[in-house]
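One chain follows as structure tokens, the form predicted alone.
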């Protein structure tokens, strides 16, 4: 049976749809209303508040904390300064991605890691002979994601003026309703946003204070369905959907490297030894088998597919996660779209896809499988960078 997060007393009160799912062993709201549309528009035009407590959390402390994380992560963690957060991924010896998440430097010998999957065993396995302590703090903290263009105003009202100067992927310790919190300028919507960490005992007071601060800014509780559309627009990968952890792959062809997931920017090869380094150096030299890209549907062609059956064009109500084939100019399958969504903001039908290297260039037109009236058709799609939505306010 799923566990209740420290915010559950409030989220269950607001959840009128009774639409829940299990997220890492916790109850998680899919949508608070019967449809997620209002929550999505809160993310894009005002702000949404989401309980992201189920993220796995680890405290890595001790004289060798940096040494351990530098050994595990593909990114050079020594460059992460105090009060800074960085996004990173970690791999096995073959350079295949195990998971992705964040590393926060709280002090010289204290780092905090978040991940989509439990990694305590992997950390302990690689910490032998090191002077380091690793604590699973998942159940010790509650986290709220406050995301959207008005999130800064709301949080400034709730926590004080220092929020206005908080830089992108930086953190600050402050208080909300006289409760100590840590606020990071991070998120998973591709927009301006923050994440608020608090002790479980303070969770309800913090939640109430943030909601009270947002009552004049159209703040809404928001769930996973709205987040899924937003993260597709932002081009963010999802473990178990756009790639699979190498730990869970029964065949090698399902495994992915950082370069194949468009995460090459998070890999620092020229430094002390880390797990997967030699394999990644070889791939960097010889090239990758796959490339992660964005796809934009040709709407006129998409509409005509359904018109042949006297039907209007049909798009899923939310983001989809069932992979469909992508075909090259010669008609042969060259990859697969792993997730996608209709973007209400961009007014475009979008997909994220892995395509075989050498079969396309950016701007090319490929074809994607579309099912209309039980028949499989092909619709033209334009290949582009996967970051469809990237407003300046995210970083400014």
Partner chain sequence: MIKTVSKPKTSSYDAIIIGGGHNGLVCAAYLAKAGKSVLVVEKRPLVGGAAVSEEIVPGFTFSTFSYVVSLFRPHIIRQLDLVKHGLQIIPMETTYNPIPGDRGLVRWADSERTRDEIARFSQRDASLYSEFGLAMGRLSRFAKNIIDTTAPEPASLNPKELFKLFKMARLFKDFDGKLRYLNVKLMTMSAVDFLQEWFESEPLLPAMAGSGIIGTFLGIRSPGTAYVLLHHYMGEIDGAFRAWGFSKGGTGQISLACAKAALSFGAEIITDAAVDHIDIKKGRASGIVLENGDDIRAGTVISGLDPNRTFLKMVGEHELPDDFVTQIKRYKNRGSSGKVNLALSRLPNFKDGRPGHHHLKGDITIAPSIDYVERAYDEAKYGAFSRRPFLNIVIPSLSDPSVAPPGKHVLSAFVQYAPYNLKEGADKWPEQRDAFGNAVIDTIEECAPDIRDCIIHKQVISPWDIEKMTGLTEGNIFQGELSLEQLAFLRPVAEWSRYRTPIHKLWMCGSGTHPGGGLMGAPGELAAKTMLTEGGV
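Positions refer to the first chain, counted from 1. Bear in mind the structure is a predicted one, so any value in this text is a computation, not a measurement.
Keep in mind that the form predicted together with the partner chain is not shown, yet the notes after this line are about it.
If you check the partner chain in the predicted bound form, you find no heavy atom from any of 71, 122 and 281 within 4.5 Å.
Segments offered: 40 to 48, 56 to 64, 330 to 338, 367 to 375. Contacting the partner chain in the predicted bound form at heavy atom distances within 4.5 Å is 40 to 48. A residue is said to contact a partner when one of its heavy atoms sits within 4.5 Å of a partner heavy atom; residue 89 fails this definition for the partner chain in the predicted bound form, lying far away.
Though the partner is left out of this view, residue 342 does reach within 4.5 Å of the partner chain in the predicted bound form, counting heavy atoms only. Although the partner is absent here, residue 300 sits close enough that one of its heavy atoms falls within 4.5 Å of the partner chain in the predicted bound form. In the predicted bound form, the partner chain sits within 4.5 Å of a heavy atom belonging to residue 150. This chain appears without its partner; in the predicted bound form, the one residue of 315, 266, 84, 133 with a heavy atom within 4.5 Å of the partner chain is 315.
Here is the short version: of 218, 175, 139, 288, the single residue with a heavy atom within 4.5 Å of the partner chain in the predicted bound form is 218.
Contacts between 68 to 99 and the partner chain, taken as any heavy atom within 4.5 Å in the predicted bound form, involve no residue at all.
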